[in-house]
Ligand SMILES: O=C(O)CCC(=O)C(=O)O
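Shown below, as structure tokens, is a lone chain in the form predicted on its own; questions about how it binds or moves come after it.
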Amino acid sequence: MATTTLNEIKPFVESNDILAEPEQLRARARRDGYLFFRHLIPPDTVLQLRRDFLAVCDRHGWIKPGTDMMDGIRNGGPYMEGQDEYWPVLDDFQRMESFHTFAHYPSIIDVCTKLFGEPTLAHPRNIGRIMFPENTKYTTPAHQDYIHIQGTEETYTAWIPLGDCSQHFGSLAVLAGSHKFGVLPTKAAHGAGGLGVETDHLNLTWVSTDYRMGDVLLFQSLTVHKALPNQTRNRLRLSVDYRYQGQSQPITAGSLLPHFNRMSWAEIYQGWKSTKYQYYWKDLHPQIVPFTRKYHNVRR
């Protein structure tokens, strides 16, 4: 797959101007496969979650001694999902009440409810990511989330960087309009998820931006997207993935489990101060549908 250079990436269409217009939100999402919002969340709220994430990194020795923890200056690595060094950090993320509560931030739920035209189900399978510099080979490849999520194609992922995130720093890019091509053939790839897709034949445009703290990108599960490489010398790029769908839509059982399912919800909830977001989906009686592995039979 050809490498995308920054000068080939066009800017997102920003959708703050239609936040109060549900029909226009739906039309734009149908056209582009994504919605991008500036400052949808107060920066101070994002900053607190960044602090919680970096405190975990610091406890595990991933922050350079003698530096300001909030700068995210890496110590050691690069590490990535699947390595022994990564699992303890990922497990600590999963235990954080603030991480899971953040998925229910009112402004995100409000946008999703307008987009779906019905109440929103926030998936409990939340994902925290740390991207090291000097690790270009394992940058998340161009892929579609649907093959990992399934259920309904109208599941939307919210990608939120925990800090300002320029394209040089490893922001997320979207292939605008790619959701219209359905599920694309998969191939083995390095990086998170381990599966990629070819995109050159689609003749579409990659779009991204220099994200600022509080910005939110929403994209449909068939929309092709990828991370840009973290080209900084020594800084960790932190982000979260949250997923949403209409409450009436089908969902697979795996989307109701913790990411990687390395511990139970009971273990995750130990020590939480509130029960508000514990097992909340059970009261909604979601429609569970099977998960298929047919998309995972990849060519090498």
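All values reported here derive from a predicted model rather than from experimental measurement. Each residue number is its position in the shown sequence, starting from 1.
The next section is about a form of this same protein that is not shown, the form predicted in complex with this ligand.
Taking the partner from elsewhere, no residue among 57, 71 and 235 has a non-hydrogen atom within 4.5 angstroms of this ligand in the model of the complex. Proximity to this ligand in the model of the complex, defined as a heavy atom within 4.5 Å, holds among 186, 94, 199, 157 only for 157.
Heavy atoms of residue 179 never reach within 4.5 Å of this ligand in the model of the complex, leaving it off the interface. This ligand in the model of the complex is approached by residue 131, whose closest heavy atom lies within 4.5 angstroms of it.
Taking the partner from elsewhere, residue 50 is found to have every heavy atom lying beyond 4.5 Å of this ligand in the model of the complex. Contact annotation: residue 140 falls within 4.5 Å of this ligand in the model of the complex, judged by heavy atom distances. Partner proximity in the model of the complex, defined as non-hydrogen atoms within 4.5 angstroms of this ligand, places exactly one of 267-275, 250-258, 237-245, 37-45 at the interface: 237-245. Residues of 169-184 placing a heavy atom within 4.5 Å of this ligand in the model of the complex: 172 alone.
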